[in-house]
Structure formats: C-alpha cells, structure tokens
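Let's start with one chain on its own, the form predicted on its own, as structure tokens.
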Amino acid sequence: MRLKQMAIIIGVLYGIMAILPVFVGDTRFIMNILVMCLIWAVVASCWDLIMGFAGIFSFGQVAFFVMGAYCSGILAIEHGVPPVFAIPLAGVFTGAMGVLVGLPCLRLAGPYVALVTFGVHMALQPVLRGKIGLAMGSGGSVGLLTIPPVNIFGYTFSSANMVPTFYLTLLLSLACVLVIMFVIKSYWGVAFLALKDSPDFAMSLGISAFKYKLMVFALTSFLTGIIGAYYGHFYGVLSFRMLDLDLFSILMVMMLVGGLGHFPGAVFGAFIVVAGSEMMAPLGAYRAVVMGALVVILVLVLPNGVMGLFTGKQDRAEAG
C-alpha cells in the first residue's frame, strides 16, 4: 500500500475519533473506551512493525509496555520527576532495554527469538512483585497506586477531565502511528521487508541485518514504552497482573483482526477489538467465548484481516 493511501486511512480513522467526543463527551464509560483504543493502537502497531514487517517473532511487546509504565511511575513517585519528563525518560529506558534484548536475538531466528522475548515477559513479573530485588520502588505485590497525572502548564490531564485528556491521547497516539508509517515507507521499511523475505539476498546487497534488526527493536520498544508510561499516568495505578496472558492474547487478536503485516491494520484491529470487548462486557464469562468465535470466523472470511478489504481491491485494480 502506498504512503498516500496509508495516510488517508489513518487520517480518516483519527478524524472520526476526533469528532466522537462532540457526541459522547459526557459519557465517561465510552470516553474511557476511546482512550484505550488509542493507546492499544500504538502497542499493536509497534508489534505489527517488528513481527509483520521485520519478520522478527518478538513476544516481548507487553513486557516493554509494562516496563515503560513502571519506569515512569517510579520516576514520578520516588524521585519527583514531573510526568511530562518521566514519560520520555521511560521511553529511552525501554528503548535501551529493547537493544539489550535484541542483541542476543540477532544470533537466533524464528521460534528461538520468540522464546527469548517471551522469557523476558515471564521474568518481568517476579521482578516487579519484589521476588527479585531488581526493581526498587515497584510496590511489590501491591503495585503502584499513586502515580501523578500529566500536568502541562498547570493543567492536569487525568481521568477526571476526560475530553481534554482524550485529545492529548489522540495527539500522542497519532504521532506514534505516523512515525511507524513513515518508517515503513522509508528505506528502513524496505530493508526490514528485504531481510524478512530474502535475508541472504538482502545481505548480499549490503543491507546489515545486525543494524536494521537492532533498529526495529529499539524503535518499537521506545514507542511502546512511551505509550505505556502515558497509560500509567492516565490510570494512576499499575499492577504486575498486566503481564498475565490475557492482555498478550488480546493484542495478538488485534493484529490478526487488522491484518498482520498490513499497516495500518493494527490500528483497525485495536479499535475493533477494544470497543467490541468492552461492549460485550455484560456477557460476563461468555465474553471470551464469543470473542474467540468471532475471531475464528473473521480469520476464515478475511485471512488478511480488515485491511484485506483494501489491499484486495487494490490488487484487483492493478491486475485489471
């Protein structure tokens, strides 16, 4: 898909989101869903970039999200760092952690990378619970309970002021998604796809697998850490239970629904899955069953996800 087409789809999606508070701004429940859609759109897009475009089977995206949230929360609570500075610092921290995780993964391939990154995910929970004395100030089994909200020029953006906070989230989410879009359509994106589809041929052309794989680890970890940090300041509380497999599974569903490797399908997937899951909350224990059945049907009908509707039309037009 061309850059212009991607930009139009993203513009329409975020444009529709931008006008929704005019109609539902007084409904706190719906506004919270909209904010969550914007946050998870970034996480799913980052995961789609590293897995769908770079072909690296990383299962550590949730871990980097939680790292960013905890890092920013600890900086704000324990060290008095204002959230507006703690959030980018958390992004730098998770970006550095992404590089550290990526270095050993460069010598591995396929399922072995997945095992290493999922191992990071699994190891993070006992660290945050205080079982291993590495995460000072993490709150242990209680978690972080008093994370201050973002404050800019004396104005507080929190869940108590949903509409202004929504628009701040919209700007942050849009900025992250646009960064991913431009990376995909840049020389970096071409290098990612070349290394994914034909690594030997790509390296014969002088494309460094070490350089570009490390880049994608750093970039996706940085953006995921940024939005994770923002999430922590928005909700004000964090728990190690965010590392349970429920969130991991939901993010995977977002990518499948949108279309793995078909950006901005992950944005579509996040909006659809988050909104659908919350709307089916009254189903209680049956919600997971219904969601699973709908996902199976959608994957069978649209193997390339929702974005298959757009790419399919484009392919037919080019063939004609």
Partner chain sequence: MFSEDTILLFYEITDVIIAGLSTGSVYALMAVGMTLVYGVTKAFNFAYGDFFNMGGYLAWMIMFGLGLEFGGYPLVMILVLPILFIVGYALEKLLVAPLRKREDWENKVMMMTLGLALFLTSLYMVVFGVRMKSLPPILEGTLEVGQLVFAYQDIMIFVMSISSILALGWVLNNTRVGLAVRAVAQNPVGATIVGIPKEKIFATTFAISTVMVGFGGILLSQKWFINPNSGGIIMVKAWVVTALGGMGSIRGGLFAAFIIGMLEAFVGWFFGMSYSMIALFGLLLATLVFRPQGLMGKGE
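What you see is a predicted model; the values in this text were computed from it and never measured. Positions refer to the first chain, counted from 1.
Keep in mind the form predicted together with its partner chain is missing from the figure; the text below concerns it.
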_Contact at M17, G25 and P149 by its partner chain in the model of the complex, all three, heavy atom at most 4.5 Å_ = no
*Indicate whether its partner chain has at least one heavy atom within 4.5 Å of a heavy atom of S249 in the model of the complex.*
yes
_Contact of L214 with its partner chain in the model of the complex (heavy atom, 4.5 Å)_ = no
*asked:* Residue-level contact is defined here as any heavy atom of the residue lying within 4.5 Å of its partner chain in the model of the complex; does P303 satisfy this criterion?
replied: yes
*4.5 angstroms heavy atom contact with its partner chain in the model of the complex for L309*: no
*asked:* Heavy atoms within 4.5 Å of its partner chain in the model of the complex: which stretch in 168 to 176, 118 to 126, 78 to 86, 220 to 228 meets that?
replied: 118 to 126
_its partner chain in the model of the complex - contacting residues of 71 to 101, heavy atom within 4.5 Å_ = none
